[in-house]
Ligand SMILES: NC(=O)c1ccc[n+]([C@@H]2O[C@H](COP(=O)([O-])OP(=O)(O)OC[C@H]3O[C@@H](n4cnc5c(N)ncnc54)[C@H](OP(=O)(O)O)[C@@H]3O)[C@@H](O)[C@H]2O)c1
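To begin, one chain is listed below as structure tokens, in the form predicted on its own.
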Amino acid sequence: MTARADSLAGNLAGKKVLVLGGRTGLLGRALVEALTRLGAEPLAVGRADFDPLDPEAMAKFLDHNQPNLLINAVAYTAVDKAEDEPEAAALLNATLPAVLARACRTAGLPLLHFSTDFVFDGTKAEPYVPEDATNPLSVYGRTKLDGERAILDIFPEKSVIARTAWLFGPGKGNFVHKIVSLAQTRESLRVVHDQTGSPTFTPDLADLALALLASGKAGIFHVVNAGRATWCDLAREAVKTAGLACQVLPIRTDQYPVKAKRPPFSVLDTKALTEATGLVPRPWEEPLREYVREEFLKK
């Protein structure tokens, strides 16, 4: 986190922050690390602690632990599997945010919730701003949008919804890790080149989202690293940074069939984030190189 971000999020010091998904999630772990660095007291919880979908269990947990803030980093993110399991996806992506919003409203707790670029259909030619019309193409996108709407209907006053995209980072499997791992043993890889989005480093996302939360603002914000890339661009940069000879070959989406339809263009505009915090996200290439070097070249 930059000095400016540390300063802005400094009022989280000493606060107890409940982080759902903070034990095992790719983003949850980054949030816990960032909160710890800021001097906050992160309380990372999962299903083993209590059932967050049970309003009574949630109320009891909050009453017993008395957190100052609640962060939800839990989601059903298996995009293709969601097409076959819409009820399971809706439970985590729509029902859970509604339960959390009601609990936070009752307890008066600020809520930080993460959503996705998949709420858009990808037909726009320029980066999406938070106010743009939504039109999800998949079960995953529809259920995430339902979660956003539930929060804004129930507790808009103190809720921050951070839409993000294309996550990579330490601590858990992700696209970049998979690509570099495969490139170590293969001469070539075929990667989609006609989907464009906003690659995002989870530690950067955590820092920016916490600064946004600390700013006291509410509503929907886009929180991603700067720039844009196709999946092929992202893979090529990762393989190049790792110093591997593997060729990354571009293919069309229809050459790599999947169940869920993806938006062909889902780059997110972060101007609202910068206006709220004064922070400008760094280009995705910088943290990508840091991540690949740390994960693969220092071992």
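Since we're looking at a predicted model, the values are computed, not measured. Numbers follow the displayed sequence, beginning with 1.
Keep in mind that the form predicted in complex with this ligand is missing from the display, and what follows is about it.
Student: Any chance residue 172 has a heavy atom within 4.5 Å of this ligand in the predicted bound form?
Tutor: Residue 172: contacts this ligand in the predicted bound form.
Student: Give a yes/no on whether residue 259 approaches this ligand to within 4.5 Å in the predicted bound form, heavy atoms considered.
Tutor: Judged by the heavy-atom cut-off of 4.5 Å, residue 259 is well away from this ligand in the predicted bound form.
Student: Within 4.5 Å, heavy atoms only: does residue 117 come near this ligand in the predicted bound form?
Tutor: Looking in the predicted bound form, residue contacts with this ligand include residue 117, since a heavy atom lies within 4.5 Å.
Student: Residue-level contact is defined here as any heavy atom of the residue lying within 4.5 Å of this ligand in the predicted bound form; does residue 225 satisfy this criterion?
Tutor: Although this ligand is absent here, residue 225 would stay clear of it in the predicted bound form, with no heavy atoms inside 4.5 Å.
Student: Where, among 99 to 107, 209 to 217, 74 to 82, 150 to 158, do residues come within 4.5 Å of this ligand in the predicted bound form by heavy atom distance?
Tutor: Careful reading of the contacts points to 74 to 82.
Student: By the heavy atom within 4.5 Å rule, which residue out of 191, 145, 180, 92 makes contact with this ligand in the predicted bound form?
Tutor: By the 4.5 Å heavy-atom cutoff, the listed residue in contact is 92.
Student: Within 145 to 169, which residues come within 4.5 Å of this ligand in the predicted bound form, counting heavy atoms only?
Tutor: Residues within 4.5 Å: 164, 165, 166, 167.
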